[in-house]
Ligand code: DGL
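Only one chain is included here, represented as structure tokens and corresponding to the form predicted alone.
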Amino acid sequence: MIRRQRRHLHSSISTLTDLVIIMTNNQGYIAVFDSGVGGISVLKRLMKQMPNERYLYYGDSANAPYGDRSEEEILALTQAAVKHILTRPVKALVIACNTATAVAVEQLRQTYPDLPIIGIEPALKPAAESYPAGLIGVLGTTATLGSSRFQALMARYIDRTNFVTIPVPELVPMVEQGLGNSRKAYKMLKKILQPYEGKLDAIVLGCTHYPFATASIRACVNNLPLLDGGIGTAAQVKRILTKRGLLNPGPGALLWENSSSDPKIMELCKFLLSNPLEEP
């Protein structure tokens, strides 16, 4: 069954009503949205846990990075991207971008109350549980680390362990260029992380781009444990679809879309998908 809704998008760039297609059977797409290619790290986690699903990956590389934009810009860009995504039959939407989740996920849930919308958040809970009374470094974009949503999340676990936030917005455009594990990325990260050498117990990757720079990060912090929120996000998507009876028995499929027309972006997407992520 296809449920059609006409709802107003509360976006500063659109005042039009939009036709939204929400699937209420198992044949719909699991749509995965990111500001660029970083969300492919979440897509890989999803495909590992649910290989029979039909996935739609949409990256907004034409407007990346989001991390140094204002909240108003991030909200408008995210809403515009989701508006486009939902012209296809979608049964669940994954916001595979920490910055977009922090700024826009609650507004999206209000706009599309019948659609399961799962946002990603930094793995602070696993960090607090695994390293009580430790010192955890949280790498993220300026927008994510400064958001009220992230601050509220950190406050939940601050009595269990200690966190230090470390903005690394420069890493996102490097990953977007396929340079996450390059010498250039290593030198940039070394300068930022050097003050924390020997002081941290683990690092939380607070941006979905960062799992594609794990070699550079590990080389700067003596192979400290790295915690990736994408694993928990994939598990949550599977729980929700299982509860709603929306798991697809197969066969699986993947549809790529990107706001950039640069053919190199699609080449990078397929390259990142084909390379295994490090397990925690």
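Numbers follow the displayed sequence, beginning with 1. As the structure is a prediction and not an experimental result, all values here were calculated from the model.
Same protein, other form: the form predicted together with this ligand, not shown, and the subject of what follows.
Student: Report yes if any heavy atom of Gly67 sits within 4.5 Å of a heavy atom of this ligand in the predicted bound form; otherwise report no.
Tutor: Flag for Gly67 set to yes.
Student: Ala104: heavy atom within 4.5 Å of this ligand in the predicted bound form?
Tutor: Outside the cut-off, so no.
Student: In the predicted bound form, does Thr78 have a heavy atom within 4.5 Å of this ligand?
Tutor: No - in the predicted bound form, heavy atoms of Thr78 and this ligand never come within 4.5 Å of each other.
Student: Is it the case that Glu53, even though its partner is missing from this view, gets within 4.5 Å of this ligand in the predicted bound form, heavy atoms only?
Tutor: Answer no; every heavy atom of Glu53 is more than 4.5 Å from this ligand in the predicted bound form.
Student: Using a 4.5 Å heavy atom cut-off, which of 201-209, 154-162, 186-194, 80-88 contacts this ligand in the predicted bound form?
Tutor: Of the options given, it is 201-209.
Student: Looking at this ligand in the predicted bound form, which residues in 158-190 have at least one heavy atom within 4.5 Å of it?
Tutor: Only Val172 sits within 4.5 Å of the partner.
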